[in-house]
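The chain that follows stands alone, in the form predicted on its own, written as structure tokens.
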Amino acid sequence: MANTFGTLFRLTTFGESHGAALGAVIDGCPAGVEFDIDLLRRDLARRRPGQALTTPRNEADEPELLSGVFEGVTTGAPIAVIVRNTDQRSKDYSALRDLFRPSHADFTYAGKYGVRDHRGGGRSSARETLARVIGGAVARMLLARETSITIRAAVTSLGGIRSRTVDEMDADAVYRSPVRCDDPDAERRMAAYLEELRAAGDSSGGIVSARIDGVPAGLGEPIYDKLNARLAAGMMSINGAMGFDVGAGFGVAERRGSENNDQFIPAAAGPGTSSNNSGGIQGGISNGMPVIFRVAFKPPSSIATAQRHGTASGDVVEHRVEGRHDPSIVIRAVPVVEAMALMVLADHWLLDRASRGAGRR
């Protein structure tokens, strides 16, 4: 089972949803970066369960720093952090020991490994993403020291309810919203819809949009390590992610070149473009414009509505899933999307420094 992401800035995660703890090991972070434990706590709190309109599972998600930091700065050694599980209820999953939930990884994990942790899905649980947030927080610390890169992400669609664009939202206001959407009208309708889903024992998909400012031109590789390809890999590795697009995305398939091309205009820091259909990336390399992308998430498969489940013996039975589950993934996915993007950028910044020399930026 592969559990490591990145080339130079590498994240390895471990632990299960109902195990003793989950953790992250970050390797490749340079020495001398100020380690901000309060920033790490903040980012984990943005993802933690037990918030309004999410699963009732109530975890403090308090990080324990084990290594890689001395007197408040990184040492260049691996940074290890764990978060202990304190509110798991494994008995809620007893009925799933021999059942496969529809559209869940239960069946495929059993088919691949011949054994699976049915308690909350083990490694396939969205709880694994807290380890990604740890890696993203360290990447945020590194990028804050070395660059002017900033990121904002938000829920821009939930169950067909669409908001204004992420460009029009304030990053802090997004996290003050229970649905992670800085659009009062859309927030109200999304919240009401989630309450309807809860009452009906159902769930919904949605879209998280992101905008990254301050990305210098030149990050990314032209062939297999394209910046957009690495972002796509990072986003599609998030549990429940089903689609990714950058810039104008699939809309480009219906346009002429004269409509879609980002034409150059004079700018203080060199040529800019009059539009950003490329989403800040051309030929796999950042062009200095904001990096724009979206991630589509499926509805959570664990719902209280009766559905036909597969069985380990090959039969099919009707079953209602019990336990504590999110009515939609997207709310708690927002900080995870940020984390994966920050790690991709930190990795590419280190790769760029290695290939062009430390004095380039």
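Just so you know, these numbers come straight off a predicted model, no measurement behind them. In case it trips you up, residue 1 is the first one in the sequence shown, and so on.
One more form of this protein exists, namely the form predicted in complex with another copy of the chain; it is left out here, but the text below deals with it.
Proximity to another copy of the chain in the predicted complex, defined as a heavy atom within 4.5 Å, singles out one entry of 105, 151, 141, 166, which is 105. Within this chain, residue 243 lines the site of another copy of the chain in the predicted complex, having a heavy atom no more than 4.5 Å away.
In the predicted complex, none of the heavy atoms of residue 320 sits within 4.5 Å of a heavy atom of another copy of the chain.
Using a 4.5 angstroms threshold between heavy atoms, residue 63 stays clear of another copy of the chain in the predicted complex.
Within this chain, residue 325 is remote from the site of another copy of the chain in the predicted complex, having no heavy atom within 4.5 Å. Residues of 271 to 298 lying near another copy of the chain in the predicted complex, listed in sequence order, are 271, 274, 277, 278, 282, 283, 285, 286, 287, 294, 296, 297, 298, the criterion being any heavy atom within 4.5 Å.
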